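Below, in structure tokens: the form predicted on its own, a single chain.
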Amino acid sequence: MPNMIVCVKQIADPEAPAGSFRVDESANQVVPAPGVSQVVSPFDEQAVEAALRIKDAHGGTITAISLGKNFVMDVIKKPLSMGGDELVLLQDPAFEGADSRSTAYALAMAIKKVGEYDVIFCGRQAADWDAGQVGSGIAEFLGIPSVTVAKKVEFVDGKVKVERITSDGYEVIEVSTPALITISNELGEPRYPKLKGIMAAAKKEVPTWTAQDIGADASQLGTAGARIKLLKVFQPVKEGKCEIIEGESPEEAAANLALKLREAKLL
């Protein structure tokens, strides 16, 4: 029976209107309005679903890991309410200011602490920054193979068979375990938690690990371990200009419009 790990992230609801967010230019941060709810990144929910489908077919265990702060327990426990077995939270000031690299390092160290695993699942990208780098980074730190943007994952004869999205369809890849797979939205909709699962998740004790707990090198965490320098976060300015084309008759107005379009080299 496979032991599976799923990395999940709590984010501000990506479906919230753009006007619900503001940019703190002094801190180079996007700040959601107080009313914006927190959710598990939708791609990560699909990663949980991929693990659950394997558990349905072959049994096994699923441990979810999330790195962040100010966790909303009803939100971050969703992998448990969907059918996961364990959840571990990584929360420490040392993790703050992380980029994709230092986030991947922290998650990789936590996975080592969890112990034996066959497959690690991640969403293809987080639905807030959309970088799509953490999954591959974890695989690199752990020294295991990875397959990205998977739409279907199966266990076959002790190996993992993956249907991977390409620009003109998909390709089938077989990889030995342990391995890391990033899941794309083509997998399909994740299952909705049932009442029994929600109640069980509410009672579940969730450990919180610090940098010291996972034996991490402080120089590789958070801002200290980041390799990306964020120069500026800003909201783009959208400007529009409207010009009314007139004429003595519809025909003349049409001719004037054609001239304007030609001057603009659109005709």
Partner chain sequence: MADNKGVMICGEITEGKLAPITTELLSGGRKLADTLGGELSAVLIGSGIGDLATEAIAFGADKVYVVDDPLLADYRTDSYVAVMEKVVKEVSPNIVLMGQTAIGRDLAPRLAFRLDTAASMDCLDLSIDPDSKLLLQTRSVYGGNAMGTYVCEGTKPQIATVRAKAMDPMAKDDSRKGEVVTIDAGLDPSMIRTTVIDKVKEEVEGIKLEDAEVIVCGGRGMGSTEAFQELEALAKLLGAAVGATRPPCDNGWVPAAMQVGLTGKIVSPTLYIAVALSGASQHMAGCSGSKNIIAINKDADANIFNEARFGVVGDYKKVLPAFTKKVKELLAG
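The term rigid core refers to the most C-alpha atoms you can superpose between the two forms while keeping them within 1.5 Å. Residue numbers count along the first chain shown, from 1. Treat the numbers as computed from the prediction; the structure is a model and nothing was measured.
What comes next is about the form predicted in complex with its partner chain, which does not appear here.
In plain terms, the part of the chain that comes close to its partner chain in the model of the complex, with a heavy atom within 4.5 Å, is 224 to 232 out of 224 to 232, 47 to 55, 194 to 202, 60 to 68.
Proximity to its partner chain in the model of the complex holds for none of Ala33, Val114 and Asp118, with the criterion being a heavy atom within 4.5 Å. Between its partner chain and the residues Glu174, Glu154, Glu96, Asp74, the one pair within 4.5 Å by heavy atoms in the model of the complex involves Glu174. Using a 4.5 angstroms threshold between heavy atoms, Asp128 counts as touching its partner chain in the model of the complex. Looking at Leu267, you'd find a heavy atom of it within 4.5 angstroms of its partner chain in the model of the complex. Heavy atoms of Gly137 reach within 4.5 Å of its partner chain in the model of the complex, making it an interface residue. Remark: Asp24 does not count among the residues lining its partner chain in the model of the complex, judged by a heavy atom distance of 4.5 Å or less. Residues of 244 to 265 lying near its partner chain in the model of the complex, listed in sequence order, are Ile244, Ile245, Pro250, Glu251, Ala253, Ala254, Ala255, Leu257, Ala258, Leu259, Lys260, Leu261, Arg262, Ala264, the criterion being any heavy atom within 4.5 Å. Taking 2 Å as the criterion, Gly247 counts as shifted between the shown form and the other one: its C-alpha moves by at least this amount when the rigid core is aligned.
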